Every structure is written in C-alpha cells, then in structure tokens.
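A lone chain, given as structure tokens: the form predicted alone.
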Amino acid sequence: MKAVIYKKYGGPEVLECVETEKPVPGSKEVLVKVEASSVSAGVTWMRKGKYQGSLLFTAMLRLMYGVIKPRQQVLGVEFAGTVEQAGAKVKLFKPGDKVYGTTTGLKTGSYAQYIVIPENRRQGVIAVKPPQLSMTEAAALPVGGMTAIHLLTKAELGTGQKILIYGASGSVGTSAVQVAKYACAKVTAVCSTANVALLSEIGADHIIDYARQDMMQLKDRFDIVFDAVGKLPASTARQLLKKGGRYCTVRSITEEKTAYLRSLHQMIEQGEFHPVVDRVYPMDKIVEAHQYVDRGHKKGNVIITHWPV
C-alpha cells in the first residue's frame, strides 16, 4: 500500500510517498480503508517538531514524537473511511461500516491507504460516521470538535453567558462557535476581514474584524475568553474578562472521548453543527496542502482525499 512519511523534521518538503506493507488487524482491531484525512495545526507541529512560540510545548512534542527525528514516520491524526476487516473479538464494528476518528496513541498515522484501529483504547476514538456527513466532512470533525467541547466544558460554558472566541475561523474556532451557540451562549468572534461572512453564516452573534476594530476597545466584558489558535496572551485575555471570568486556550492538554463524539452527533442530527471545510487536496498534492496550511490563513479544515486502491 501507499503511505506518506517523514524521516526528519522540517517543512512540507520532508513529506514523501512510499510503498509499505498493508497492516493486518488483530482480534480486537479493525482494518480501515482510509478515504480522507486532514492537515491540522497539530499535524504541522508534528512535521516541524516545533510548537511556534513555546519552548515548553516544543520540548513536550519532541519527548512524545522523537527528540532528534520522528519515531512515528506516518503522519496524520484524523481519518474517515470504511471498515474492510474486523477482528474476531470486535463487537461494535463490521466490514462495510463507514467510520471516522483519530489515530492518537497509535504507532502509525492516517496518511496511508489502510490503518489498523483498536476497537477500544485509552487514547484516540473511532465511531460510525454520522450519515449526514460526507467522508470529507467526517475527517474534519473529531479534533476541532472534541477540542472545543473539552475546553468549553472545562470553562463551564452556560446558557446566556458571553464568550469571546479569538481566532474563530480555524478548525477549533469554527467548532467552538457552533458548540457555544448550541449551548445558547452569546458569541463574539474575532477574525480577519476574509472570514467575517463565514462566521456570520455559522451563527456568531457579533464579529470583530481585527483589521478594522481593536477588540481591546470593546466595552463588553466576557464570562469566557477562548483562544482558539494559541496566540492570545493570557494577560490580554484577562483584561476582557468579567470578574470571575474564565480564560481557556488550545495551549492546554485536552482529551479525546467517545462521549464528545456523541454530543457532536446530537448537534449534527439537529442541524446545529457542521464541520467547515476550506480546501480539499488529493494525497499526491500533500506537500501543497501543508504549504497552504503553513501560511496560516485556512478557514476551518483542510482535507486530504486518498489514493484509489
């Protein structure tokens, strides 16, 4: 089978397509034919071996994935595809099921024609794809959606609260806007001029175009300030908070839980959540996809569709 690997840290040019052995599932695993995956910010950090602006997170990244060079050569965290084979002890999935999830905690990523996923594990998730979503949309769902739910739950988001979401047009940001609206919060989204229409479309109550308006001049103060891109200093965020308000940021350790996926499924079924997809690239254009994401202007998610088998 084909896979995209990287043998050293660096720019998009370190990615290369190779032929490798097709994996065989164990008794408690499923073999998934991957049809789509993503180029998330987390994947670009793994490729670079660097978390921009934080020596601490860079050190943690290197300890997890390889100090000098990557231990796990196949990149990719999110996936959507079809179960081709299920182990004898697998109970929840069967061949033909359309599934999606993450490869977190596994020895290989999703930039491959086939991956083996344990039915149950402490890290990472797998679930049957919501029928309302295409494979492309499903591959855009888990990381941004679960991150938003985890951090907003931790911040005790509630009905009627005012929340400011900084960097609202990215994968986590667009998810956070929709999760917050579902919780009946009042959402103020901060973004660039190019993304104002998008954030209006997904339900933001107020939109701050940072090129035209200084958010620090706002009279409103917020119950929650959510930094969805990891670039807002905590000292700045606290100036925008009400007394007793909470600041949360993607520069935090998060968890992946099947319960979070169930919450997302409920929102999707009710028409209250839809993954935002900016661009779709075929796998043979993986370098171009990473170059685009590295420029820092993506809207929602960038998706990779896989090679035909």
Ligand SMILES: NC(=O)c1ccc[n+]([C@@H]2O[C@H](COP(=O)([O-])OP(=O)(O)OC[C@H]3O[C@@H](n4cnc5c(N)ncnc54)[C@H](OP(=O)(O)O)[C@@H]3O)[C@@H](O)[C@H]2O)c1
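All of these numbers come straight from a predicted model, not from anything done at the bench. Quick note: we count residues from 1 along the sequence shown, nothing fancier.
The next section is about a form of this same protein that is not shown, the form predicted in complex with this ligand.
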Q. Among 228, 179, 189, 225, which has at least one heavy atom within 4.5 Å of this ligand in the predicted complex?
A. 228
Q: Could you work out which of 170, 81, 76, 101 is the residue within 4.5 angstroms of this ligand in the predicted complex, going by heavy atoms?
A: 170
Q) So, in the predicted complex, is residue 42 in contact with this ligand at a 4.5 angstroms heavy atom limit? A) yes
Q.
At 4.5 Å between heavy atoms, is residue 166 in contact with this ligand in the predicted complex?
A. yes
Q: Find out whether any non-hydrogen atom of residue 36 is located within 4.5 angstroms of this ligand in the predicted complex, and reply yes or no.
A: no
Q: May I ask you to state whether residue 143 is within 4.5 Å of this ligand in the predicted complex, using heavy atom distances?
A: yes
Q.
If the criterion is a non-hydrogen atom within 4.5 angstroms, does every one of 5, 58 and 62 touch this ligand in the predicted complex?
A. no
Q) Pick from 93 to 101, 192 to 200, 216 to 224, 124 to 132: which stretch has a heavy atom within 4.5 Å of this ligand in the predicted complex? A) 192 to 200
(Q) Need the contact residues for 245 to 265: heavy atom within 4.5 Å of this ligand in the predicted complex, sequence order, or none if there are none. (A) 250, 252, 254
